[in-house]
Structure formats: structure tokens, C-alpha cells
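This document starts with one chain, in the form predicted on its own, laid out as C-alpha cells.
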Amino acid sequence: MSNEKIKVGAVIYDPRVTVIWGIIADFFKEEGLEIECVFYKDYEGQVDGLMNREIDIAWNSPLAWLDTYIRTDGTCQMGSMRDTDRDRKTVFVVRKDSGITNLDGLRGKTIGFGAVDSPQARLIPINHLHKNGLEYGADYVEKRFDIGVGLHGDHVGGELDAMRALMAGEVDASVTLDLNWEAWKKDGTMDENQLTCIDTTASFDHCIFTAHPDFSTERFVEWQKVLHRMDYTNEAHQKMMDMEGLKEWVEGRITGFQQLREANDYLKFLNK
């Protein structure tokens, strides 16, 4: 097997990303399988980098995975994901005094979404509305909060601004990832006495490692075996995992991306 460093791409959605990958790189060096981290400012650039073989493996958002899947005619290699990437949902939230109790009540109303390229805060919920009889561009008004465009919703600012607009009465409903909704209720960012969830999407998955079709499958498997040896009880690993939002790395799957694929077909987002 080659001893060359494996080049791994990551998008800097936050300054802590370089700290996260510094810890991961140190661990891989200890394990005798060195990696070189290559950072990108957005996911489009990272997918370009993977296609151009600047990197061997990309830490992809779900939309970046779909972009890679389409560009490689489905031949890209699927890798690991975080335990928290599995079975996520988007919640639809309204003010309790609005009188809105279900999705049909949003007909003709203004809905707050996250960034234009956010799977969880725009693409998937729009597809969910479509599947429930509310058509994009016809049955409701979209109010978008384009924070961190290019980061595919990794920047939480768009979702947070949409929720704040709901609290201020500027929109009739807003959407956000279930993890954010629960965290914001817990820390008091959102007031449960004023807001309520009226619906959720079906479960979907989030980020996933993706390797170039020509990257050695044997090396990719070995790389993932090392990754999965990271341990939350290890102080350094725990620091990284808390920043990246996981307790363990788990086997990846692409079945959880079906709703995003449907949303892309509906909105023709990657086909523009």
C-alpha cells in the first residue's frame, strides 16, 4: 500500500475547523497513516478539488455529496459520517398565537428559510411542502436568510435569523434543523411559551466523507478504520468531537439522501 499522505478536504465554515482537523491529523500521524488537510472556502470549490484530484477524500455536506455523485455518474466512494448525521429532521415552527396548526395553514403565508443552498433549512423543507400540496413559487411566500452561502447551511446564522424573524412577527413560520430547535429551546434562545412545532420532515442524513472514484478503495477502507478508532473518552478526541458535534464516527450510508435528491429534482437546484 502507498505511504503517500492522504489528502483530505474540509470547508472552513468556522475558524474552529482548522483546530478540529489539526487534532485529527495528529491522531492519524500517531497511527502511522499521515494525512494532509486541504481547506476550502466553500463546498463548490471542494467538489472541484476532489474532481481535479487536489484531494483524495472530501468531508462533504449532503449537497456536496449529491454534487459529487452527479458529477461522477454515481461512481464516487461513500465513506463514514458522524453519529449525529443520521436521522435528522427539519421542523416547521409557528407562533402559538398564530392560529396555524398544520402545513395547510401556511397557504398564502410567508415562511422563513435559511440560506439558498441549505439542505435542512431550505431544499428539503421546500420539497416536504411540495409533497404535502404546497407548491414553491405559488402557494406561499419564501423569505430567505442568506447567511454563509456556499457553506450549504453549515453556518447556523441563516436558520437563526429566520427564527428571530418569526419571533419578531416578520414571517408566519420558519424552518430549522431539529438539533438547533432543541438546543435553542434548552438555552433560552427560543421561547417555548411563544413558539410551537406544527410539522417535521421525514428523517434524512447530513454530512459524509466522499472519496474520488479512482482513489484506492483499500486505502479508503484503512483510512476509515483509523478514523473509527477515535475515542470520546480520549481528552484530545473529545475536544475535537465536541467542536464537530459527534460522539463517534459511524458507517456511512446514502439512503438518507433521498429527500435531498427529490428536492434537487423538484427545484432543479444543481441543474441550473
Partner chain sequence: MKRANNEATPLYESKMFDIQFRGTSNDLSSVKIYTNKNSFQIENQISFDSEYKPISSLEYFAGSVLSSILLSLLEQSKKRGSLIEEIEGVLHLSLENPLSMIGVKGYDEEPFIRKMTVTVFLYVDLEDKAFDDFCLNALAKSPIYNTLKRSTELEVLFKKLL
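Numbering follows the first chain given and starts at 1. In this text, the rigid core denotes the largest set of C-alpha atoms whose superposition between the two forms falls within 1.5 Å. Every value quoted in this text rests on a predicted model; they were computed, and no experiment measured them.
Missing here is the form predicted in complex with its partner chain; even so, the following discussion is about that form.
Though only this chain appears here, would Tyr232 touch its partner chain in the model of the complex if you measure heavy atom gaps against 4.5 Å? No.
Quick one: does Arg16 come within 4.5 Å of its partner chain in the model of the complex, counting heavy atoms only? Yes.
Is there a heavy atom of Ile12 lying 4.5 Å or less from a heavy atom of its partner chain in the model of the complex? Answer yes; at least one heavy atom of Ile12 falls within 4.5 Å of its partner chain in the model of the complex.
With the partner left out of view, is Lys29 within 4.5 angstroms of its partner chain in the model of the complex by any non-hydrogen atom? Flag for Lys29 set to no.
Choose from 64 to 72, 34 to 42, 207 to 215, 222 to 230 the stretch whose residues reach within 4.5 Å of its partner chain in the model of the complex, heavy atoms counted. In short, 34 to 42.
With both forms fit on the core, is the shift of the CA atom of Glu248 between the shown form and the other one 2 Å or larger? No, shifts by less than 2 Å.
C-alpha of Trp21 moved at least 2 Å between the shown form and the other one on rigid core: No, shifts by less than 2 Å.
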